[in-house]
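The chain below stands alone, shown as structure tokens; this is the form predicted alone.
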Amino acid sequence: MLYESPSNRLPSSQNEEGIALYIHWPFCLSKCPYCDFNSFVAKNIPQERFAQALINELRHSAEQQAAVPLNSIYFGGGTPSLMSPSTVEALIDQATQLFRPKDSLEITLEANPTSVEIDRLTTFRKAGVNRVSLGIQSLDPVSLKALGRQHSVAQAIDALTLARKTFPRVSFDLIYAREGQTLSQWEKELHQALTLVNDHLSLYQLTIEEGTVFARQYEKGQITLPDESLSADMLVATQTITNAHGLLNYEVSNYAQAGAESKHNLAYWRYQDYIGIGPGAHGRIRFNQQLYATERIRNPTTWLKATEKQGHGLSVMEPLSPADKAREMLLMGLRLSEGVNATNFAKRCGISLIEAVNEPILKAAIEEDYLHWDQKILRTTSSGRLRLNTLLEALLN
């Protein structure tokens, strides 16, 4: 349904576990051919207007939520490292005034290793950012070009070196199962990446997303990807090599030293409350014991005008049914190695975990060693993770 402001604010006592805050900056230097995120290439960005609009949305969200604990802030995009550092600082200041920041508040900013963005890293640290996530994507020059990236391998390594000196916590992304990539090539690249890693690494298998340049090329047969068998071998090798290096596979595509997991992303995967502000941002927030799905206007210009006029760019605020919540929580939670806690599930969704799944499929998946269920925790096994998408589709049908 279209957005209508709830009549009552959420009492803080209802949400003492806290919230996560996502801030979306939609602009990029260029649009990568694999990317389906809400991002746009713009030559002239009205930085001051966008900064004030984001602050307006933040204030509006705080009025709705009351003074709840703040667990994390995440600047994503788009390319948030193209933001003015003063904007980042102002948003952090506002967030920590409007909410109650935890002592362990995690503040992440995504950045790319181009010269423009890397020059700003030190300033972002001074603004309050304590975790940076670098979009490196590949350590192979040919692949970087094919992926549409604007940086070189040398710039990526320089960026990582500077980031490790500047921030307490550093993560970076790589994409594997790329066109023409062999298992041995990926293993070699991954070993190189692990010589550069700090405490966290995100390793994504390349997928063809609808509406992207790669999708159009794929349909025309202009690009091909490794087959399912090779992709599965790459995933197994990824898990084995990273685990041997001391990085635990706590989520399907994320690896970290114990205690260095992304707090912000864990909020999504554990299906906790989070606010999303900025063009196209999504959220899950509670009012009077009801969980709502929120969405902001996607087009940056339209969002900006709406936010300047009414203080927010919310386009959707829809109450979620028990079935909606159950499906979302399972889709997210079964990506985690820790799985889904049945007690938390029932409390969050209003129905039991068993009620939410196809029981014959559950039984079959357990027998095939794809799922493990001890009446308290439902989680995927290593075999199940190799078939996660197919497994989820069947289990939640």
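Residues carry their position along the shown sequence, with the first being 1. None of these values were measured; they are calculated from a predicted model.
Not pictured, yet referred to below: the form predicted together with a small molecule.
Asker: According to a 4.5 angstroms non-hydrogen atom cut-off, is Leu206 in contact with the small molecule in the predicted bound form?
Answerer: Flag for Leu206 set to yes.
Asker: Taking 4.5 angstroms as the cut-off for heavy atoms, does Ala42 touch the small molecule in the predicted bound form?
Answerer: No, Ala42 is distant from the partner.
Asker: Would Gly280 show up as a contact with the small molecule in the predicted bound form if we use heavy atoms at 4.5 Å?
Answerer: Gly280: no, not in contact with the small molecule in the predicted bound form.
Asker: May I ask you to check whether Gly78 falls inside a 4.5 Å heavy atom distance of the small molecule in the predicted bound form?
Answerer: Contact with the small molecule, yes.
Asker: In the predicted bound form, do Glu106, Asp199 and Tyr255 all reach within 4.5 Å of the small molecule through at least one heavy atom apiece?
Answerer: None of them does, since no heavy atom lies within 4.5 Å of the partner.
Asker: Where, among 261-269, 168-176, 293-301, 321-329, do residues come within 4.5 Å of the small molecule in the predicted bound form by heavy atom distance?
Answerer: Result of the contact check: 168-176.
Asker: Using a 4.5 Å cut on heavy atoms, which of Phe345, Tyr34, Phe50, Tyr370 is close to the small molecule in the predicted bound form?
Answerer: Residue within 4.5 Å of the partner: Tyr34.
Asker: Which residue among Arg149, Arg284, Arg131, His312 has a heavy atom within 4.5 angstroms of the small molecule in the predicted bound form?
Answerer: Only one listed residue qualifies here, and that residue is Arg149.
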